[in-house]
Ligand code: GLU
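First comes one chain, alone, set out as structure tokens in the form predicted on its own.
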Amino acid sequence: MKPFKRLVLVALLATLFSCSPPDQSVLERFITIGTGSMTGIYYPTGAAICRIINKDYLKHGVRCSVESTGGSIYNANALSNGDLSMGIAQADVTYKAAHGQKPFSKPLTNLRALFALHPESVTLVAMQEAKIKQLNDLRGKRVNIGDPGSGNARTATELLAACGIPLSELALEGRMKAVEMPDALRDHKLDAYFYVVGHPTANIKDISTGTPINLVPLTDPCVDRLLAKNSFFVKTTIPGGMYEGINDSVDTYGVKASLITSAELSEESAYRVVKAVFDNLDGFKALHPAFQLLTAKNMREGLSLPFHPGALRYFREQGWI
């Protein structure tokens, strides 16, 4: 090796070894947030969180990226297995995960909450020509339940079971992904589909443009009984005027979405992510219409997992605990 090249190599190695690698027990440098379908609200929510985090990268040293996934159940399992840094999930799914209830085979005891997000309404979208005005009208209809492994599918299945509507009584039990549902409805391959989502969502805006639809109220007595048995469910209302042809508000029920992680994430990383969002809450709320009603108070409520120590550290600093 020539003397000059040898000197360059020695200098390079000296530089590398003099710069100690980041201590992962203190701070993860790269965070990936698992979301859901790109046409739902989880993906833009994850992107909004990453945008806030990456804006101050030079201050805290954490970079964030977003990944489209199968949704709540996938994210909970991936976090427990160490395949994701953070994820967005429904509060009912995280409850079942923590307690080892179906579809989880065992308790995922290492899941932790960072903060709550927007409420997600159980939404039943139907073609007007299908004449679906209430849940019982689904019998004999072609209905998309949801992508296997998603919280959407689990919630819809539980609702139908609670209301005494066996899946066998549907003309079609669809298992399409959220991104596929609007086209399937438009092409008359479906009569209706369930979607657990925050509003407004591009998914329903897509189908409502040029296709007559209605949103079916979910106010049956069986729904009230379901809510009474499950504390993580809350009554919600989809405001009118969000979608073409839907002028009146629609009463239904839902759960809160939440940003979750695992106990293995360092306290410092969790703290910096929570701090980045809460310190820039007005800017975060401006990134999507579904965030408009978020407050520092309600973002700490409606969760079904214990808080991560990094989140608690920030809340204590603010005097909220």
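Quick note: we count residues from 1 along the sequence shown, nothing fancier. These numbers come from a predicted model, not from an experiment.
From this point on, the text means the form predicted together with the named molecule, which you will not see here.
Using a 4.5 angstroms heavy atom cutoff to the named molecule in the model of the complex, none of T123, L218 and T236 count as contacting. Checked against the named molecule in the model of the complex, the candidates S258, T261, S269, S37 yield a single residue with a heavy atom inside 4.5 Å, and that residue is S37.
Stretch 193 to 201 is the contacting one of 104 to 112, 220 to 228, 79 to 87, 193 to 201, since its residues have non-hydrogen atoms within 4.5 Å of the named molecule in the model of the complex. With a 4.5 Å cutoff on heavy atoms, I41 counts as touching the named molecule in the model of the complex. Looking at N144, you'd find every heavy atom of it more than 4.5 angstroms from the named molecule in the model of the complex. The named molecule is not drawn, but in the model of the complex it has no heavy atom within 4.5 Å of T94.
Applying a 4.5 Å heavy atom cutoff to the named molecule in the model of the complex picks out N152 as the lone residue from 152 to 169.
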